[in-house]
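Next up: a single chain in structure tokens, the form predicted alone.
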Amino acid sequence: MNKSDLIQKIFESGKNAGMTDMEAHISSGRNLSLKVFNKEIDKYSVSESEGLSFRGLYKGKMGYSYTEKVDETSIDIIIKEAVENAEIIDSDDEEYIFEGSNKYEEVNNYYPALEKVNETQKIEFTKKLEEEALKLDSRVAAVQECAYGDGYGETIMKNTKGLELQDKNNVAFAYIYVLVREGEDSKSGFSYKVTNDFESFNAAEMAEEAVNEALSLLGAKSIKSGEYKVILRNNTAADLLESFAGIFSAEKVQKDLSLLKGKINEEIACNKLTIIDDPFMKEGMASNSFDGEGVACKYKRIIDKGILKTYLHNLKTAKKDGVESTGNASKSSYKASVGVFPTNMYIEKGDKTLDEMISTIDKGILIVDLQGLHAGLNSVSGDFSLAASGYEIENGKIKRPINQITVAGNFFEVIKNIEEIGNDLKFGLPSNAYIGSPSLKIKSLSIAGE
């Protein structure tokens, strides 16, 4: 029995049990992960998964269930669990099944060529990445991690209102951590790439980036505490944005977990800042034509030149606010209920290079790494206090590396105090590859050092 027919049989069973509107998702995928250490394969795993999630209205309440066994033998238990779930729901929030949008943009996030890359090629690339790093400089003491991974996913979504949608995607990534040592001093460097195009991986370039950064940090010391002009390099700016992305969720706003409540069409940031959520971005890791509820995704400017224009909505939050869904309903897995999540969220790039921004600072700091992002910040208040490392800037030039410092501030103040935005937009690793930022020059941040 094909998957569409299986879903139809589930609907028939649900109707017999007294359910009205119903919806089912079937998601399947495959992930490969490999690591190399000392020219040998240190880890190799391939995992496959498949699951079905179901939801339906029973006596006006939405019940949820799911199963990993995607066949006819699961139908009865799926319906039984959804009915039982609906009976114990005590929320007054109205949920409903969506009948479909008038138009869906065509989004291609699947690259057949990636599926044709064989395992030998993947292993050879990963070994070469380690080899390139080890031969670059005599001070390279070790390659701490050298990894490659890729994944494929497919989703089928169907409901009783006539909606039937399908999506498939694939992605590959690689990263390397190196350790360099000079005397008693040792430092780490990191490089990564996320792409749909295996041919775009360049082992020599990635190795050089990781090794050069590690070498440039040798001899790092702390700096005197004080207020400094700060440049957040693109990767750290993206990390910070990812940590506070939830403030734009209408779900958080409605639960009083975001200070942006009641701020639509108000100026909340400097007029140079535009934050975009773009589900149609070419090669975007979260690109899609429809969201977790079957609503057509939309391109949107969350902040437009400093003005808050919208929250991110699913159907439930949109109905509460009397607006249309922004197409940001999400299901993190077939086991999860519907939430709100960005697609490809990023800060629109400016026209300054990183070097040009550095040249405008007489005394300041370039931060290239932030640590403790899950423990050292409060996503509601916006306050953060994070361990950091980077470089001291003096008279428009990099003076020396610095570490053992803590940067503290408030995200809502940071976005107001942006002075320049770089042209070096970059997205993160697979875990946050949907968030991107260029480098940001900040008027002032508190640095605790020596």
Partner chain sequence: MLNKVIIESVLTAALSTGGDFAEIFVEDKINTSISMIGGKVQNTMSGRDFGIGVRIFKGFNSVYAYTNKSDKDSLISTALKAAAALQGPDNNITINLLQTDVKNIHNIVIDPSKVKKTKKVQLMRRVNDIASNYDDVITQVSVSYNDNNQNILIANSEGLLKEDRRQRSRMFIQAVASKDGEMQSGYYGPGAMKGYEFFENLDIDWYAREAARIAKTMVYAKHCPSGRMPVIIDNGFGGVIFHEACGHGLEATSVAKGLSVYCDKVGKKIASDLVTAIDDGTIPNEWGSINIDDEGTPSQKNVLIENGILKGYMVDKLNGRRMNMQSTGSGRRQSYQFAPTSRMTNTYIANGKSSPEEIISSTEKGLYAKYMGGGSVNTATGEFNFAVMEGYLVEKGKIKEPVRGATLIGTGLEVLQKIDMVGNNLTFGQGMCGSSSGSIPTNVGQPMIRVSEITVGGRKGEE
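Positions refer to the first chain, counted from 1. Quantities reported herein were computed from a predicted structural model and do not represent experimental measurements.
A second form of this protein, the form predicted in complex with the partner chain, is not displayed here; the remarks below concern that form.
Among 80-88, 237-245, 351-359, 131-139, which stretch has residues whose heavy atoms lie within 4.5 Å of the partner chain in the model of the complex?
It is 80-88 that comes within 4.5 Å of the partner.
Would the partner chain be touched by all three of F37, E227 and N378 in the model of the complex, meaning a heavy atom each within 4.5 Å?
Yes, the whole candidate spot contacts the partner chain.
Please determine whether L425 contacts the partner chain in the model of the complex, using a 4.5 Å cut-off between heavy atoms.
Looking in the model of the complex, residue contacts with the partner chain do not include L425, since no heavy atom lies within 4.5 Å.
With a 4.5 Å heavy atom cut-off, would you call K59 a contact of the partner chain in the model of the complex?
K59 lies outside the contact set for the partner chain.
Taking heavy atoms only, is E106 within 4.5 angstroms of the partner chain in the model of the complex?
Close contact is absent here: in the model of the complex, E106 is far from the partner chain, nothing within 4.5 Å, heavy atoms only.
Given that the partner chain is not shown alongside this chain, does S258 nevertheless sit within 4.5 Å of it in the model of the complex, heavy atom to heavy atom?
S258: yes, in contact with the partner chain in the model of the complex.
Heavy atom within 4.5 Å of the partner chain in the model of the complex: which of I393, I405, I26, I415 fits that? Just give me the one.
Selected option: I405.
Within 4.5 Å of the partner chain in the model of the complex, heavy atoms considered, which of F341, F290, Y334, Y148?
Answer to the contact question: Y334.
Sequence order please: the residues of 189-218 with a heavy atom within 4.5 Å of the partner chain in the model of the complex.
Heavy-atom contacts within 4.5 Å come from no residue here.
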